[in-house]
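Have a look below at one chain only, the form predicted on its own, in structure tokens format.
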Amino acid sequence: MKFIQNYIGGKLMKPSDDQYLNDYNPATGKVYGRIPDSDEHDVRAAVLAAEAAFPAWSQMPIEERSAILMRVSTLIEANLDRLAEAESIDNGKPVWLAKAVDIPRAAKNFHFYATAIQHFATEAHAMTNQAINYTLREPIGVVGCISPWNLPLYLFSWKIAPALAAGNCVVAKPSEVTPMTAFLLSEICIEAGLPAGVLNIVHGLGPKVGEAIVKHPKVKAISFTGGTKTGAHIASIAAPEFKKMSLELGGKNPNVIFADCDYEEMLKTTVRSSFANQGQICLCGSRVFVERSIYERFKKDFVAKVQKLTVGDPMAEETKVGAVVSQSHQEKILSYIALAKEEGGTILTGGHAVQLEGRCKDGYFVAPTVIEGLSHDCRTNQEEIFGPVVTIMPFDTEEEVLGYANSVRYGLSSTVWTTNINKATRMAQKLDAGIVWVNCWLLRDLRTPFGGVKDSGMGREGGFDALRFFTEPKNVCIKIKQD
């Protein structure tokens, strides 16, 4: 049984009331660890530690801060196998996926911001013969970072790294569903020599720990990734206190496939964009729209490829689809599949839980599911399922498919497949999305802004946008005395 501890003031410690929650391995359905059931007392201790550390950390030369963050990045790389296995056990994703994507990206996040802060420039504005204006970018102070369960260390580090690089001190809460790699990051930070109190990690439930972080008057900014409903609740607390907020929320992303696409590349990528990480990525293309002239061909080929995806033990190399994150989430996914049938949908493949043998016989597995025959405005096509479920439907014109694509409350990402540059440009301009991928998916340059429109959130992460979020601009105007 693994016991996770909070990381407060540079030390690993038990929760203040010594209460714990169960940590489940979703591939086996069994408890394998215990995590702190922390509360506002632990959050207060973390904020006090962060406040105490802030003066020295914020005034530390940028080169020194950068060097410490680079050591964190290097240690994540050195612990690749250990972290990947922990991520797989905690989340249910195939271990090869965690090793290829999640853990390397976490290391890159620290590396990127360790170097980016050294090139973070500000503006100057000369008023001819009158004055010179220049802008200072100063760290905010104590900030809160709250991350989700689907890409645990990947997204945890995506928030923490820029906040620390900019000179802030952080009180962070990882998901209570997948806390293990955040705990291992605590150990890495200690080894890397991160000063005490600069990063504090408090484990526990959202209504207890997350809310305490958001409400604390000394926490001046909140960066949150998770569900739209939770994001709205956070905004209701933080907005009246005039706290800065970055909210990366839900998605119901369209994948628009035109007949003039590179068909084989599209087909291969669409399988991945539909079912990577068991469909538990906010960027997955869960609504697939296909130009009518190739629809039947696509349906046949797509279903055939999906049926070849191996659902199995996340530790096995041949597994392509692992366990979904929890029993309750499995039940949610299956309820949407039942809803799709009620709404007139036809299950082309999947549509059921998968019962494995051996150690995973009690795990939470769902077969990759493809559904057709639904209207674009039914609940199945409007609500976020966040699992290995996609719908497909034909379209005839650009105008028609834009109407389908933009009909949802979300606007995080979209994908367009066409070899016609004019069509691609038109679609990119008219899609309601913060990200448009053309002839690719999840191709990420860390310098670019990341975030959504409509109910997919507010603000942007990534690149210098994250450093701007975690700093406050101050204009300095110096009058030039004329002789």
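Owing to the predicted nature of the structure, the values given are computational and were not obtained by experimental measurement. Heads up: residue numbers just count along the shown sequence, starting at 1.
Same protein, other form: the form predicted together with nicotinamide-adenine-dinucleotide, not shown, and the subject of what follows.
In the model of the complex, nicotinamide-adenine-dinucleotide sits within 4.5 Å of a heavy atom of residue 386. The closest heavy atom approach of residue 174 to nicotinamide-adenine-dinucleotide in the model of the complex falls within 4.5 Å. Within this chain, residue 227 lines the site of nicotinamide-adenine-dinucleotide in the model of the complex, having a heavy atom no more than 4.5 Å away. Though the partner is left out of this view, residue 298 does not reach within 4.5 Å of nicotinamide-adenine-dinucleotide in the model of the complex, counting heavy atoms only. Proximity to nicotinamide-adenine-dinucleotide in the model of the complex, taken as heavy atoms within 4.5 Å, picks out 201-209 from the listed stretches 374-382, 201-209, 302-310, 99-107. In summary, among the residues 394, 139, 148, 345, the only one with a non-hydrogen atom within 4.5 Å of nicotinamide-adenine-dinucleotide in the model of the complex is 148. Proximity to nicotinamide-adenine-dinucleotide in the model of the complex, defined as a heavy atom within 4.5 Å, singles out one entry of 143, 155, 370, 256, which is 155. Applying a 4.5 Å heavy atom cutoff to nicotinamide-adenine-dinucleotide in the model of the complex picks out no residue from 67-93.
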